[in-house]
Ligand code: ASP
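Only one chain is included here, represented as structure tokens and corresponding to the form predicted alone.
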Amino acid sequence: MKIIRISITIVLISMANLLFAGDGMWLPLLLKALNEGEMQSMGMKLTAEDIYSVNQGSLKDAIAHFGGFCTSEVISDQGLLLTNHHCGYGQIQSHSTLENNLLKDGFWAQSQDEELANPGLFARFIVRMDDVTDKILAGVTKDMDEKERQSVVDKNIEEYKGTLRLKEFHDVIIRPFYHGNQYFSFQTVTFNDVRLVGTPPESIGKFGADTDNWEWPRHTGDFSLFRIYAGPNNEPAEYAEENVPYKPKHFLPISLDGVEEGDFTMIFGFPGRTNQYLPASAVEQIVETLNPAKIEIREKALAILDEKMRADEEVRIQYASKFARIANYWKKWIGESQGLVKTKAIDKKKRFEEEFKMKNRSNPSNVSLLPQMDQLYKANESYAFTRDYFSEVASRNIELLSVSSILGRLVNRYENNGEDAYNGYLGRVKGYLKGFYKDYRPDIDQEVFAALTEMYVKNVNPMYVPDELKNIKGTKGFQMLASNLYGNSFISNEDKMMELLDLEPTAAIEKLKMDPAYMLSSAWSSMIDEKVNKPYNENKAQLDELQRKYMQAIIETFPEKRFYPDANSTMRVSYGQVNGYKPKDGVCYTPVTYLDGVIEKYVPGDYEFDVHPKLIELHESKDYGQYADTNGQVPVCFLGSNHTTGGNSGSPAIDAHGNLIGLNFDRVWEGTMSDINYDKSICRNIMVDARFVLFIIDKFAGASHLIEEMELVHPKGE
């Protein structure tokens, strides 16, 4: 079995490479061999050891995986943690009521005693990384099919984990890279006591809301503050009042010097998923079939929620987080498709594939990979379309069916493993439902149900429509179905549902299985599993095998090129520069926005563009303190050419000296296709300027005690 390794010989840095700096999400462990020289040629003053070290405190020790879905960074020696407002949104919402609305009014703990606990929230640090490819692929041979291969890999992973002696709260994560051609382990330590310290009001932290999401110019103070608490000896511990602030191995000083166009920028974090090496046929399917379907479904759901939220403040609070979640990827998919078309990504991939075939003309097994993949993508298209449609309708946007699916797992545990398994899972279900019903309006969900099920029946092949929906005719028919379903379901009523779950298991299961919403969800998902997921997964298994072989083949075919691994929620570094861009003819965006722009966008009373009176007062009086730039303005956001994706939200923007200069929170709409096709001409990440963060904490909130914790520096000597 040939093991692919990225060697130093394929990464000799030339001036030509610098034209493409910004592309890639690189493993910190490998920076010395792969990237250090290029990064330093772009202005970085650090060494690879300063960024990643096992033996001494380094930048990696200040970077935490926030809740498993965002990134955060430690910015004081007392465990003060900075992340995005939208990353902490769920926690901020959970502490909000009509009488004490933290979302609307903000929150600033005046002492550590006032900091708010967040059950279930964690901050996870990487202790060390190791290349374990030899261990994980031991015994794998070329003649194995994918199932046999994976069985050996899984066995090796478990055996390797068994050789490690880990402390409590420590763990090891092993992930495949280059589509399974290489494996790395990540030893972690997790802190489970993470408390809310401060958040600006939504009028700052979410300024521009959905209109400005994925857009530039941006004027959003997208940040919130938390604190990590530890038990005795600075070790992780479950929440306890006697826990004390964590003392980190490293924290990030904050630069007061700001940025200029061309400055080096580094993003450090936990990017979620990218697919840079898909064949052209897969990208074509995304642009022409899959994205349009998902966009249309979410557009319909969002229109209903928006109307209800604008009419009722309580509904707006309850549905704020849901709306933001749904809108986020709706808009992202639109920009992604447009960006792929604009940059001619499909044509570019086709040219690369032709070059690949030409270089492999004497290697038929490599040449055959792409036609095989193209054929399988075509065969899988109707299944992929239906899977996405079902997922968007029944799993993500109709809450009644989503909860029914969770209850289905409870039924399965009872039927497959008995009462003990049922009772073991019941507590988790009750805990989830308690939070769910707090922010649930069955009348709104009923309207969403009627609209989306009608779309499903209209647009999906009839053979994939459940019998319960086949004979429903017209909008009124679906509205009547929804009315009957929600009126007769226990699941749409909190009191009835919790009363049912208090019954003894046999009675509860019997009653639940007769619930009309549960029956529809169960029948629908069973039909999808059998008719759609089963053949889809069979084809997907073959595609995964071919993609792995294709990845190996392109690395071997182009030894002069660098191929970074796709993101997979592991720690990565991306680097670039502060740069504007030209999204279209006649339009040129500069890379920095200012507080003046907030005032220019101000729309009194508008939930997206209202401005807090205190911020208006500070702007009028020019009371900016030490946070203004040399022109007397307060910077708000800036652009960089760093390669980022979901999961990089909350990642620190770090300068050439290792100081915090900003906080990553978004990408520009035209460049959201960077998950599939990074193109430096229009791919930009958006960061809130660290000076604006400090300005809001100090001048707006009056929380100077938090500023006193931080180390503020002038690396440019100003």
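Each residue number is its position in the shown sequence, starting from 1. Everything numeric here is computed off the predicted structure, so don't read it as measured data.
The discussion below concerns the form predicted in complex with the ligand, not included here.
Report task. Counting only non-hydrogen atoms, choose the one of 38-46, 688-696, 52-60, 662-670 that falls within 4.5 Å of the ligand in the model of the complex. Result -> The contacting stretch is 662-670.
Query raised in the report: Might W214 be said to contact the ligand in the model of the complex, defining contact as any heavy atom within 4.5 Å?
Result: W214: contacts the ligand in the model of the complex.
Query raised in the report: Any chance T645 has a heavy atom within 4.5 Å of the ligand in the model of the complex?
Result: Yes, T645 sits close enough to the ligand in the model of the complex that at least one of its heavy atoms falls within 4.5 Å.
Report task. Answer with yes or no whether H86 is in contact with the ligand in the model of the complex, where contact means some heavy atom within 4.5 Å. Result -> H86 belongs to the contact set for the ligand.
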